[in-house]
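Presented as structure tokens, the chain that follows is alone, the form predicted alone.
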């Protein structure tokens, strides 16, 4: 399990450039907001927080999508069932979400290959992956 350490600006710029997108100050502001809080944010929350900086909803949506595509954001469910986005690192992992404080922690230990094969054989689906989220109480809340 791990929490997200500060990500160097140069790494993000390089990843955005690989996709043909510029890493603008507005995109950096969106990322830094997610990086600042392990509970993450909804799109509406990000839009409201960054509105005074003249960062609009369209920029927020596009940046969140790009960060998801790059593997730097994952979505989780909050207490009301709404989607929040939390900072992560590229690669396969799952989120553990505290049901009281909403803190999300990444867990990269995952070998569900046997379960995927079983599901494939029982359903006929060609399983290509999975999304798994755990919830409970973090150490501070338990």
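Bear in mind the structure is a predicted one, so any value in this text is a computation, not a measurement. Take the two forms, superpose them, and find the largest set of C-alpha atoms that agree within 1.5 Å; that set is the rigid core. Residue numbers count along the first chain shown, from 1.
Below, we turn to the form predicted in complex with a further copy of the same chain, even though it does not appear here.
Contact with a further copy of the same chain in the predicted complex for residue 21, defined as at least one heavy atom pair within 4.5 Å: yes or no? Residue-level check for residue 21: no, no contact with a further copy of the same chain.
Would you please decide whether residue 123 lies within 4.5 angstroms of a further copy of the same chain in the predicted complex, comparing each non-hydrogen atom pair? Heavy-atom contact with a further copy of the same chain at 4.5 Å: present for residue 123.
Using the partner position in the predicted complex, report whether residue 75 sits within 4.5 Å of a further copy of the same chain, counting heavy atoms only. Because a heavy atom of residue 75 falls inside 4.5 Å of a further copy of the same chain in the predicted complex, the answer is yes.
Given that the partner is absent here, does residue 97 sit within 4.5 Å of a further copy of the same chain in the predicted complex, heavy atoms only? Contact check for residue 97: yes, within 4.5 Å of a further copy of the same chain in the predicted complex.
Among the candidate stretches 25-33, 75-83, 56-64, 41-49, which one is within 4.5 Å of a further copy of the same chain in the predicted complex when only heavy atoms are counted? Among the candidates, contact is made by 75-83.
If we check a further copy of the same chain in the predicted complex, which of the residues in 115-140 reach within 4.5 angstroms of it by a non-hydrogen atom? 115, 116, 119, 122, 123, 124, 125, 126, 127, 128, 129, 130, 131, 132, 133, 134, 135, 136, 137, 138, 139, in sequence order.
Cα displacement of residue 126 between the shown form and the other one reaching 2 Å, rigid core superposed: Yes, residue 126 moves 2 Å or more.
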